[in-house]
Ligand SMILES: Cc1cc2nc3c(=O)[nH]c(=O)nc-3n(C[C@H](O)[C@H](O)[C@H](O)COP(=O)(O)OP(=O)(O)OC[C@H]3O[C@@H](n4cnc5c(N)ncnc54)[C@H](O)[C@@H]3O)c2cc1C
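Take a look at this single chain, the form predicted on its own, given in structure tokens.
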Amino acid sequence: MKTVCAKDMCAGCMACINMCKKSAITIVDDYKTYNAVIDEVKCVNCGLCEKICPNVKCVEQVNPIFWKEGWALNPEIRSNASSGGIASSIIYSFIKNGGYVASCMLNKGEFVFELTNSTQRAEQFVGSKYVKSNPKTIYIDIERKLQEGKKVLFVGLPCQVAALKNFSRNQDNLYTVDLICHGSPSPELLKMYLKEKSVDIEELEGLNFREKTSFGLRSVGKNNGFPRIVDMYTYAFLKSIDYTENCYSCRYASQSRVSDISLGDSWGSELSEEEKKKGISLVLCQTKKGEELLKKSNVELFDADITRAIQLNHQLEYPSRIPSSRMFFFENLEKGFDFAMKKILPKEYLKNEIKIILSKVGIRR
């Protein structure tokens, strides 16, 4: 099997698929790993896939100019966001100033990237997404807009930002925001988990992974759904159990960043408890473009404690560590997601089942 980057190290950015003119590359997802596999019959050995792969060609990373924490001044934007709403505020401001924004949303059961200049459509970008997304043709779409002289803002994971920078030849009007990332599981794991709960992801209008400090899956919209509960899918994610292999050696988990702005949660902030409940974002600005984005956005920022920020966001120093239970999780996965979690964490699984029962009893009342 010939792969674009080292075997099992593919991040699933899919820039190589966007680049290949011969349609010779496919992503093979086996739950545990991603691999960008090359069809050697179709391949003409042009080497373009390797030139834009963020694991093969390193992208320049720079240290932040400043570290801040804060929130969107619009209370509705802040309320709807997982954290302080800084990302949404930047996105809406960018569109209102004539730009296009590319980010991730749930569409027909799949988390995909879309490019839009509609603030209404961009509302679908809101919220944390604890699953690998599918960029599809987003790199091509962005490059076309840039060639037309349009300004484009890309909001995604560091590996996706790096892939876009390798892909694009017209970066004067390109602005980038990366989301501080723990790692991400295969979307097939999410589908498996939901199916076990008799939920068809394709029938969901939306899927919420988190609200402020309340973690857990909750459906949005139709009746084919469920209330929020601390579920085993979320537990596996928070414990770094089910990420794809590459995430544990991510080269972009460091203080030096690939984007204009990096956003995350300002855990442990010393601002008031009231503000913490409303959500506080961590903001790292690396470039003049980043400063421009923040100045044009309706946000309030304060100096952040860098030491505390790094301590509580280890991805700013090193990738997530592989837990010892990960191997046993995947060994038992063929019998189901819940079975695998019950096998490796029986006490936690039982506690979660009790919470679900109590939650259902509470709903009936």
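On a predicted model such as this, the values are computed, not experimentally measured, just so you know. One-based numbering along the sequence shown.
Just so you know, the form predicted in complex with the ligand exists too; it's not on screen, but the next bit is about it.
*Asks:* Consider the chain as shown here, without its partner, and state which of Asn173, Asn107, Ser128, Asn117 has a heavy atom within 4.5 Å of the ligand in the model of the complex.
*Replies:* Selected residue: Ser128.
*Asks:* Looking at Gly290, Gly216, Gly183, Pro187 here, can you tell me which has any non-hydrogen atom within 4.5 angstroms of the ligand in the model of the complex?
*Replies:* In short, Gly183.
*Asks:* Are all three of Val155, Leu263 and Ser281 close to the ligand in the model of the complex, meaning a heavy atom of each within 4.5 Å?
*Replies:* So, yes: the whole triplet contacts the ligand.
*Asks:* Indicate whether Lys165 is a 4.5 Å heavy atom neighbour of the ligand in the model of the complex.
*Replies:* Close contact is absent here: in the model of the complex, Lys165 is far from the ligand, nothing within 4.5 Å, heavy atoms only.
*Asks:* Is there any non-hydrogen atom of Asn313 lying within 4.5 Å of the ligand in the model of the complex?
*Replies:* Asn313: yes, in contact with the ligand in the model of the complex.
*Asks:* Answer with yes or no whether Leu179 is in contact with the ligand in the model of the complex, where contact means some heavy atom within 4.5 Å.
*Replies:* Taking the distances in the model of the complex, the answer for Leu179 is yes, it comes within 4.5 Å of the ligand.
*Asks:* Spell out, yes or no, whether the shortest heavy atom distance between Ala81 and the ligand in the model of the complex is within 4.5 Å.
*Replies:* Heavy-atom contact with the ligand at 4.5 Å: present for Ala81.
*Asks:* So if I measure heavy atom distances to the ligand in the model of the complex, which of the stretches 86-94, 143-151, 291-299, 190-198 falls within 4.5 Å?
*Replies:* Contact criterion met by 86-94 only.
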